[in-house]
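The form predicted alone is given below as one chain in structure tokens.
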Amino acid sequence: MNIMLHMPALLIVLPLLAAFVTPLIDKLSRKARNAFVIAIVVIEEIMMLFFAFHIFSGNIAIYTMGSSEPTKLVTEAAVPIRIVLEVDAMSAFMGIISATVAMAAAIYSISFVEESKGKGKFYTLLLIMLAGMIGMEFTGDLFNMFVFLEILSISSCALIAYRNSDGNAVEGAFKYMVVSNIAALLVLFSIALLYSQYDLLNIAALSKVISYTELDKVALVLLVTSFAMKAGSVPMHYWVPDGYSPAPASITAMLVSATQASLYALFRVSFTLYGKVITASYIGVFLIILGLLSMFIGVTMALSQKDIKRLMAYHSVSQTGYMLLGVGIGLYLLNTSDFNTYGIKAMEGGIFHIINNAMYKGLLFLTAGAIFYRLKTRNLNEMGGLAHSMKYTTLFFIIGALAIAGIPPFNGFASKLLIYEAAYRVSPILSIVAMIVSILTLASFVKVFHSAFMGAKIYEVEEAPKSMLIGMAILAAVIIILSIFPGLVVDKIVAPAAHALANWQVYAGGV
């Protein structure tokens, strides 16, 4: 049996099955449970990397669920039936992000999450969350995307409220639940509009026959709005600081990847599902506007925060703006002569920024969690001098802060530079705003560094436990690799993902 042929299904099924086995092992031994979960996420990461290498070589993986010949489509009147997974370079790119962050978060949680708080349930939900992300990124079926979106939302909501004795956690989870339900209803309604016209749910098949009727336009607006809402874009960002702040630090890092899975769905709908019929640039303009608003409002709100995680949560909103701006410019130029020169570069910058943001935002949230673990406070005014006793955490924070601020030679600079160059060709104002936001981001993290780590030694605290340091080190190592080899990463990983997203015909041709 060629295991690579079954890899799309295995990468979803493995964490899903492990999630149901984890509580059983938890009853027998806590150490065995920890070892089992870590083994699963490490295996998932290794499998994902091998599979992604296969996809980046120019392949598209098709897998028909429930078929005796899963790599062949079961068709009736040339219409794909059954649930079909379709993995191209963009899907594989997102899968790497989800698996890497989940691995770091699971290892970090060994020490961070208390046994008395139901750690077995915690790991079960973490694995379900991972399965939801991978499912959203790998599915080629609109309704299946909705199902995985719900799986991801339910597990995320439960993990945000994990510390249910904290009223802020319950409030944050409630807001996230409300937003998720509204977004899910909008997605389901838009799917119904498309299915009522074409009797199809497969994204590739729909992209070939969609005719851009008035109902199609309504469905597009609903899909873009709902996924932008789930991605935490302004003006639908209000749930992000309230949801990110009280969640366990490892889950906050996972939530960054979860919002990016929704961002992937937004891009997949815009470029692939409607790629044949969108000739106007208004959707690209809409994404650019959302990007600018998210960047500026997110960073200005972060400047005034005293809660370290709430500050970082607003920066997550701001960083989402860079991705929307870069890919929005690509969509704006999609059917113009400038696309092959500036449009595709903007998309590469936006897509490169997705993996960069997942790594350095995940790392920064983990460092904030390490501080909370030792001091039991998130208030910057109650911190100081931690560099004396938490040297490794300080180093990891510096790496993440320099990367998010776009300081060369860190990876954040490389992706932002691509966005600056392309944005300048559309309008110099776009580049100016993006640069100002980077300066304000640097100022914000200088404030955090000074408040938390500088000054005289105030607290007698120890360094974070080894498992937490390992989790942070994984993300820091990826940041360093992306920073040292940005050209290689763009050529081998980012560019294939950008071209896969831009060329809807190739995705449709796979089915």
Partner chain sequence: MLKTYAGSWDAITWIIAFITIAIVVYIIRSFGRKDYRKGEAQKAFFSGEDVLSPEEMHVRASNIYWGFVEAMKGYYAWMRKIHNGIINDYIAWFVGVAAIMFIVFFIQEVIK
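It should be emphasised that the depicted structure is a prediction, and the values quoted were computed from it without experimental measurement. Residue numbers count along the first chain shown, from 1.
What comes next is about the form predicted together with the partner chain, which is not displayed.
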Q) Looking in the predicted bound form, is the partner chain within 4.5 Å of a heavy atom from each of F36, Y63 and S98? A) no
Q | in the predicted bound form, the residue from M301, I398, L375, M435 that sits within 4.5 Å of the partner chain by heavy atoms | A | M301
Q) Though the partner chain is not shown, can you say which of A405, L292, L85, L186 has a heavy atom within 4.5 Å of it in the predicted bound form? A) L186
Q) Which of 25-33, 51-59, 447-455, 462-470 has heavy atoms within 4.5 Å of the partner chain in the predicted bound form? A) 447-455
Q) Would P409 count as touching the partner chain in the predicted bound form under a 4.5 Å heavy atom rule? A) yes
(Q) Is R425 part of the interface with the partner chain in the predicted bound form - any heavy atom within 4.5 Å? (A) yes
Q. Taking the shortest heavy atom distance, is Y392 within 4.5 Å of the partner chain in the predicted bound form?
A. no
(Q) Test of understanding: in the predicted bound form, would I283 fall inside 4.5 Å of the partner chain by heavy atoms? (A) yes
**Q.** Members of 355-389 lying within 4.5 angstroms of the partner chain, judged by heavy atom, in the predicted bound form
**A.** L380, N381, E382, M383, G384
